[in-house]
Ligand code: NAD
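The data below hold one chain only, encoded as structure tokens and taken in the form predicted on its own.
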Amino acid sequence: MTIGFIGIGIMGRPMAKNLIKAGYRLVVYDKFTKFDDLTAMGAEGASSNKEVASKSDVVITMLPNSPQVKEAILGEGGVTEGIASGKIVVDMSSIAPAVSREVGEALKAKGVAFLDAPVSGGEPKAIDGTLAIMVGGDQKIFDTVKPILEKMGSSVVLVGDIGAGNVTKLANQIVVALNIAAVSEAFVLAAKAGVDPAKVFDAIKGGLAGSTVMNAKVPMILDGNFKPGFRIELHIKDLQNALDTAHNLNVPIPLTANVMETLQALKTDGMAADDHSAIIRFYEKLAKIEVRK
């Protein structure tokens, strides 16, 4: 089986590498980024999305947002111009669910199956192949590509029809953002009160307040390490998709709107490329204290 991989960024590059290591033949392309390291590992480089599609049984896209996915798949020189009937496209980008359904319908008209399969876990889990992958689409198609997805993730779950994967990802991103904001408020309070934040972490991480988010982000905060595993600007994108989707469904999500404004403030302060753990810097600025070891 030949897999096409479009989008060789922070997440796509290690995901593609894991597929190569698993023994799959890859054809790769990225409009903006070189992929010499992947061709050195044995992947075939392509010159367009169309070429990738023409040489692949399954095409995976891992792109920043809805417009890039639509361009890569439906645009001029895109996947739809090169892919044959009976093949499969799996979009692993985090995009608007409505766009997933639009792309799925366009591919269906060409006899091509489609899954939306966004991921959670950031760069570290992309590197070690332990991403959480939430999938929308047909059970039979899911069963066909599940072994491929399992080379990139430790949790691969079919959650519903096309679009359901990205609805699930939006729910995930709301929980993550609000969790980081809650951690930020709590640890700024502790530090301002003169209590060692590292000891607070040790005391509460095993209780009900403990979480995967806390375990991942508090050590980064204590070290003052805001090198991105997941950039603020990308979380803004995801929350905008969440807000748009919620508004279309008449679902109020006020806490999400609040943390969105926090992220926007950090972007204005020049932190758009920082890790989303830098949410704490918003609270640190207000309280005039830093939470560090």
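Bear in mind the structure is a predicted one, so any value in this text is a computation, not a measurement. Start at 1 with the first residue shown and count on from there.
Omitted from view is the form predicted together with nicotinamide-adenine-dinucleotide, to which the following refers.
Contact with nicotinamide-adenine-dinucleotide in the model of the complex, defined as a heavy atom within 4.5 Å, is made by none of Pro97, Gly160 and Gln240. Contact annotation: Phe230 falls within 4.5 Å of nicotinamide-adenine-dinucleotide in the model of the complex, judged by heavy atom distances. The shortest heavy atom separation between Gly45 and nicotinamide-adenine-dinucleotide in the model of the complex exceeds 4.5 Å. Within this chain, Ser56 is remote from the site of nicotinamide-adenine-dinucleotide in the model of the complex, having no heavy atom within 4.5 Å. Although the partner is absent here, Met62 is a contact residue: one of its heavy atoms lies within 4.5 angstroms of nicotinamide-adenine-dinucleotide in the model of the complex. For the residues Leu26, Val259, Leu234, Leu266, the 4.5 Å heavy atom test against nicotinamide-adenine-dinucleotide in the model of the complex is passed only by Leu234. Between the options Val119, Met152, Val218, Leu115, the residue in contact with nicotinamide-adenine-dinucleotide in the model of the complex by a heavy atom within 4.5 angstroms is Val119. Residues within 4.5 angstroms of nicotinamide-adenine-dinucleotide in the model of the complex, judged by any non-hydrogen atom, belong to 87-95 and to none of the other stretches in 87-95, 103-111, 143-151, 195-203. Of the residues in 22-37, those that come within 4.5 Å of nicotinamide-adenine-dinucleotide in the model of the complex through at least one heavy atom are, in sequence order, Tyr29, Asp30, Lys31, Phe32, Thr33.
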